[in-house]
Ligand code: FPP
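Given as structure tokens, the chain that follows is alone and in the form predicted on its own.
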Amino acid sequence: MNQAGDGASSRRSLPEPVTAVTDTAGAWLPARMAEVEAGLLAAVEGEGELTGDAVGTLNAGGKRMRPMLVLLCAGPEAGAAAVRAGIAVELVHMASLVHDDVLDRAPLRRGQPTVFASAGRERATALGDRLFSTAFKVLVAGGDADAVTEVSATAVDLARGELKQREGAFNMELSEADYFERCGLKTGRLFEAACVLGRSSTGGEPGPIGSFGHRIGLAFQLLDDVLDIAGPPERTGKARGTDLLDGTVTLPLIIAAQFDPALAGLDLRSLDEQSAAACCDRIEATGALDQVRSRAIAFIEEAKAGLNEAGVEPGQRELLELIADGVVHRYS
């Protein structure tokens, strides 16, 4: 393998600030990320009549933060097992996005028509199912029994999180505790699994490394929820207030409703795009977004502090701290 060439190709596929991590790591990380990217393409090109949709989903964008976490937690010794784990984690992530789009009836994802919008519910559901199964196929082919167990448990938690989101839909009395439980299952859990899989791939004991991933996953979700309220559509790839229109109660709304009685009495089912955008303005006016950003930063700081207990080498720690900071800087 031409590591220099493959590394350069991988770097071009990764947006800022993730590229800062690859620049700091040296040759080994871009080379392994290139292997992950090639493995993802090979995996989705085997999806038969769904291949076009699968490749389109893969190429629609994305930071590849989860497979990068796998590799960073494996360290410079990351080998084939870490690469397979990175491929599997990203396939699970892709599958969950496709299924989310079906459940939310989403027209756009990253500024592009979703498979649901372009090909219908049945085809999108089938694609999500196939991507999930392909993730396990990659791990089974490599004989990664422990990784199969971890990814299986993670997939169950993702489903539990989705069920909680459905149960709490349109419920303006949703508590912060319920919100964080949902986020922990839907987002934090896959970040956690990425870290556990990386450490385990080189024979290490996962220890507290999963908590690092879980916390930056929560921060990632909090800041995504901020973007849904305040992010321009040309940046987010979707209309402002998409979560409101879906009936998804997020932390910005929960906090804002404590300050604005009109928001506390909001009927989410009555919203259209125009009124959802107006609600976004009201939420922003309460200062709730600053509170959510502060909580996200606190999660990042807790994650980095927890690396003291995780037995991480100094060079590896620097890279993990960079990717954690990148979660915040991406939204600055």
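It should be emphasised that the depicted structure is a prediction, and the values quoted were computed from it without experimental measurement. Note that residue numbering follows the sequence shown and begins at 1.
Below, we turn to the form predicted together with the named molecule, even though it does not appear here.
For the three residues V55, F116 and A124, a heavy atom within 4.5 Å of the named molecule turns up in the model of the complex in no case. From the list 253-261, 72-80, 182-190, 139-147, the contact stretch for the named molecule in the model of the complex under a 4.5 Å heavy atom rule is 182-190.
In the model of the complex, the named molecule lies within 4.5 Å of some heavy atom of Q221. In the model of the complex, H214 stays away from the named molecule, with no heavy atom inside 4.5 Å. Of the heavy atoms in T134, none are within 4.5 Å of the named molecule in the model of the complex. Residue contact check for A230: none of its heavy atoms lie within 4.5 Å of the named molecule in the model of the complex. Residues A155, L158, A159, E162, Q165 are the members of 137-173 with a non-hydrogen atom no more than 4.5 angstroms from the named molecule in the model of the complex.
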